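Okay, so here's just one chain, in structure tokens, the form predicted on its own.
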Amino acid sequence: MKRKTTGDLVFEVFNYLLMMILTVVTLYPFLHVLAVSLNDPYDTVKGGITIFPRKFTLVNYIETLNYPQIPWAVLITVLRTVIGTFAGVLSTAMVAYVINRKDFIARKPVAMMFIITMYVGGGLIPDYMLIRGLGLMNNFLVYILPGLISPFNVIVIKSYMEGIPPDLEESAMIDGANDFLIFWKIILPLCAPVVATISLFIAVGHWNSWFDTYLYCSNEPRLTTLQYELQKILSNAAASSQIDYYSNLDPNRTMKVTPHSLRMAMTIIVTLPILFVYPFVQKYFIHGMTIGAIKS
């Protein structure tokens, strides 16, 4: 084996140090939020919390989950994320497949229509009037239908499909397969890496969304989402004093946490589920990069 030179050793040391610094800078904010959420709320007021709790407690999470709207908001958010992701990925992939078909005469005009919507939009007021005209106000479908197909995601999946050999489709047609069978049995499985990527994009978008709840479902408590409840808690905590904030939440109940600790606990609650999803789709990212390397 070739012996490493002094320059190689210096480069490795510098590279490791740089990676360690980047890792610390990336993880420190999250670890700090986690430490504050696990620390005694009145001890946190003293300051000095870094990445480890000084007085460990779960009272912040207990009080947060005792907020009456949180359990129902979690259910609605999970349903919205699962249904919205499945419907969005399937619809986007089907549109991308149709646009990518060479025998589809109107594929260029249709693709151009999707691209135009990326740069031109009606704005907030026309969108609101459209949703109201469609009867989607205070309706669960308002979380699913308006963002069912994303032009950007269509372009990404279409670009990936262009790398699939057309011989596979021709062979399937010779064997008697129709367009739906070819899409479901051949094209979609081959697009697993890009589908996993788009699924993560859509799932994170649904999980983090709160503004559509504020616009279209704020008058319907049964359709509230976790992020919207977090936004209300953060707004109340920022605009009210500690005593007023507690009395606004529940006048008959004395809370044991501070607004700052409550915000940290809510942040961890809404962040962890998405972090747990990533390892399950990471293998598809690696597979996609491997395919790209082979193509090049």
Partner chain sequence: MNSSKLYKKLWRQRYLILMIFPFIIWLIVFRYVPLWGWIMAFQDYKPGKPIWNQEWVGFKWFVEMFQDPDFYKAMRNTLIMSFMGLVFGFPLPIILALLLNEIKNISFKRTVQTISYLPHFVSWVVVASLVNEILSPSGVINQILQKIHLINYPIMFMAEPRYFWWIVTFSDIWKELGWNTIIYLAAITSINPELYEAATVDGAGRFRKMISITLPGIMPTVIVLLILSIGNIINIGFEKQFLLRTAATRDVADVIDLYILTYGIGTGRYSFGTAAGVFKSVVSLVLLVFANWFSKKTTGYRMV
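Residue numbers count along the first chain shown, from 1. Just so it is clear, the model here is predicted, and its values are computed rather than measured. Rigid core (definition): largest C-alpha set, two forms, superposition within 1.5 Å.
From this point on, the text means the form predicted together with its partner chain, which you will not see here.
- At least one heavy atom of residue 264 is located within 4.5 Å of its partner chain in the predicted bound form.
- Its partner chain in the predicted bound form comes within 4.5 Å of a heavy atom belonging to residue 127.
- Residue 179 belongs to the set of residues with a heavy atom inside 4.5 Å of its partner chain in the predicted bound form.
- A residue is said to contact a partner when one of its heavy atoms sits within 4.5 Å of a partner heavy atom; residue 234 meets this definition for its partner chain in the predicted bound form.
- Only one segment in the set 74 to 82, 188 to 196, 217 to 225, 91 to 99 has residues whose heavy atoms sit within 4.5 Å of its partner chain in the predicted bound form; it is 91 to 99.
- Only one of 164, 156, 172, 204 lies close to its partner chain in the predicted bound form, with a heavy atom inside 4.5 Å, and it is 204.
- Residues of 128 to 157 lying near its partner chain in the predicted bound form, listed in sequence order, are 128, 129, 130, 131, 132, 134, 136, 145, 146, 147, 148, 149, the criterion being any heavy atom within 4.5 Å.
- For residue 58, a C-alpha deviation below 2 angstroms is recorded between the shown form and the other one after rigid-core alignment.
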